[in-house]
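Next up is one chain by itself, shown in structure tokens, the form predicted alone.
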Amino acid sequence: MVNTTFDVSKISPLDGMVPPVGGVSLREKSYVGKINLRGNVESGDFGHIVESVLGGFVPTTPNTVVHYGDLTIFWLGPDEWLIHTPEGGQGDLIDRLRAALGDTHSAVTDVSDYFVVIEMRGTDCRDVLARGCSLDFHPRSFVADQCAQSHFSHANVLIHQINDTDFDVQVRWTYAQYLWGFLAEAVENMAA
């Protein structure tokens, strides 16, 4: 009998994908814990409860990102945030959030296996992103610790600017290979 037991959390749709050669490097940010948090910061105790667990307020300015220790929190909407944790850190944080929120109108959901994060590093990132997305990536419009949900060609993505040149692009697992291929081709075409 063949043993088919394996750790699903360590499988990625990007396993075996070849990085492009050019002005942008691509690699998967492996095994990031991801939590979707929903609630109303303007009513009840939701905001204060979440602050006590996370160590700071969730961002309330649209399309911004905050960091508290090893947590990164993305604004997705007026009542929705995405929290990135180190590998395996989402379980404990989910338990603590749910316990603290109790009956407060909210939702805390583990979405770690739903998304893949592709790290884009290099001076040509803005140009590569502009080939598949209609957002304005000019430095006057898109800055460090800003994020935006958008379409990238046929895929829904969350784009996060890390610093002046580098970005992370988060995409559903089912579109990860497609997005990687598009990005890799754009990088190589720019280098040609």
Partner chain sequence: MLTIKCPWCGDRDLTEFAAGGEGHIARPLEPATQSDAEWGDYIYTRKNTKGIHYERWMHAQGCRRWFNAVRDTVSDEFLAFYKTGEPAPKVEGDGS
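None of these values were measured; they are calculated from a predicted model. Residue numbers count along the first chain shown, from 1.
Although it is not shown, the form predicted in complex with its partner chain is what the next lines describe.
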Task: One stretch from 27-35, 131-139, 161-169, 44-52 that, in the predicted bound form, holds residues within 4.5 Å of its partner chain by heavy atom - done: 131-139
Open item on the list: in the predicted bound form, does residue 56 come within 4.5 Å of its partner chain, counting heavy atoms only?
Closed with: no
TODO: Answer yes if any heavy atom of residue 148 is within 4.5 Å of a heavy atom of its partner chain in the predicted bound form; otherwise answer no.
DONE: yes
Task: Any non-hydrogen atom of residue 80 within 4.5 angstroms of its partner chain in the predicted bound form - done: yes
Open item on the list: Is residue 156 part of the interface with its partner chain in the predicted bound form - any heavy atom within 4.5 Å?
Closed with: yes
Task: Residue among 117, 76, 97, 73 with a heavy atom within 4.5 Å of its partner chain in the predicted bound form - done: 76
Open item on the list: With the partner left out here, which residues of 57-72 have a non-hydrogen atom within 4.5 Å of its partner chain in the predicted bound form?
Closed with: 62, 63
